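Only one chain is shown below, in structure tokens, and it's the form predicted alone.
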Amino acid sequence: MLAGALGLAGVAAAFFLCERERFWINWVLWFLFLLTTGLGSLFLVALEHVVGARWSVPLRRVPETIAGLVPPMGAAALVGLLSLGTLYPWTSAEGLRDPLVAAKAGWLNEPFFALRAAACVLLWTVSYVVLVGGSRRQDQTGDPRFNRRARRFAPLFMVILGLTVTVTAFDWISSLEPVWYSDIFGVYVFAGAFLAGLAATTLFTLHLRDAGRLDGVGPDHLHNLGGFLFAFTVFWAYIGFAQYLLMWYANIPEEVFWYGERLHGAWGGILLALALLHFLVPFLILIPRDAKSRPRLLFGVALLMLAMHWLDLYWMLFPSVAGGPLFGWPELSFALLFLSGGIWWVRRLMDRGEAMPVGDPFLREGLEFRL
């Protein structure tokens, strides 16, 4: 609460004392960070229902709870619509003088942007209510029909998530520099979101396990979480490198300038840190089989991945408004406000019910899981 209060005071001061571009780019960065973490967790919940997994049933309440970040961050996204005239050049007459930007005016205009943002928030909220609200009600009723409803809805949610994450990536991130485009940018943002959701799920699973609230969750369950972290670390790196390699090879001016801004100076140093700490270090740590089930090691890797997800978003967003990295008291204030608020909200949701989906008929089978 103290950290949140200090953060709120700092954010309020930043609104009045800092450039509006700096204030709003921090707002967009932090709501995207928590939103993508929540969406990645909700995807993990839906994935369990799609494939009919049993081993993850004892852990499912954890990503369900972290997915609770989606509704409040959806509201934060709607507040972020106030940043359009400040951050996004396609909202000004001067920006539309570029013929490449003007050609996108049918998509990049404020009313349609706001409509897309509202539609995404609505779809995410409905999906959260269906996938998570039904699971919590099942704890009281024990009604197995929820599993059938969730299994039917989960494939539809996969489609919803694929479309809305792509729209979010194009609208909130790449349209900061509207000349640039990438066909797989939505896939890249999804890869980071799912990895962040996995990392957050791992952290809170280990926390609840140490607190004695996840009795029966053993090394084999942790091993599967570690395996997912390992696999999607490789997937994130593959998509990121593929995007860069294709643009470098084609050398089209409308594409390569975006990387040109982010490969030199301090931005290049951040990219090197991402390559090492978001891919190489976790990859090497998680290669051994026993590393995937060691709690302290998993905790450190998951925490590192969450930090690198934030840095990845920072590297994508901030060069559009700043000549070099900004790490000052405004950034610290936003970090205190959003992190303390997000952790408080997730812990509040965790304390409102059972740490496991006790009404799920497959819970016993999940607790008996062994590799």
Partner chain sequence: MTGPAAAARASILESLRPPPVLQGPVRIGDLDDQLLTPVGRRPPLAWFIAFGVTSTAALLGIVLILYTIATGIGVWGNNIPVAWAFDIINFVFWVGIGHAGTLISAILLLFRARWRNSISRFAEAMTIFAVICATLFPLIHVGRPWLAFWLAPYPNQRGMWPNFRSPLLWDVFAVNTYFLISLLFWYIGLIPDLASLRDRTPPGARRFVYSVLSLGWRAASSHWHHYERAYLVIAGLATGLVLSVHSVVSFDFAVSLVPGWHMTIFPPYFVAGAVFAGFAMVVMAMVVVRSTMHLEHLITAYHLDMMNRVILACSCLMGYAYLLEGFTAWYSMNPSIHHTFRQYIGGTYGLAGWITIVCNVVIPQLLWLRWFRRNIAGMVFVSLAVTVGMWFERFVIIVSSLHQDFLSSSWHVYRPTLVDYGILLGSFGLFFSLVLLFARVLPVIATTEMKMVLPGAQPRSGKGER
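Everything numeric in this text was worked out from a predicted model, so none of it was measured. Residue numbers count along the first chain shown, from 1.
Beyond what is shown, the protein has a form predicted in complex with its partner chain; the following relates to that form.
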{"property": "Heavy atom contact within 4.5 Å of its partner chain in the predicted complex, the stretch among 81-89, 243-251, 200-208, 120-128", "result": "243-251"}
{"property": "Contact check for 217, 262 and 333 against its partner chain in the predicted complex, heavy atom at 4.5 Å", "result": "no"}
{"property": "Residue among 258, 267, 113, 170 with a heavy atom within 4.5 Å of its partner chain in the predicted complex", "result": "170"}
{"property": "Non-hydrogen atom contact residue 233 with its partner chain in the predicted complex at 4.5 angstroms", "result": "no"}
{"property": "Touches its partner chain in the predicted complex: residue 362 (any heavy atom, 4.5 Å)", "result": "yes"}
{"property": "In the predicted complex, residue 97 touching its partner chain (heavy atom, 4.5 Å)", "result": "no"}
{"property": "Residue 299 within 4.5 Å of its partner chain in the predicted complex, heavy atoms", "result": "no"}
{"property": "Members of 141-168 lying within 4.5 angstroms of its partner chain, judged by heavy atom, in the predicted complex", "result": "142, 144, 145, 147, 148, 151, 155, 162, 163, 166"}
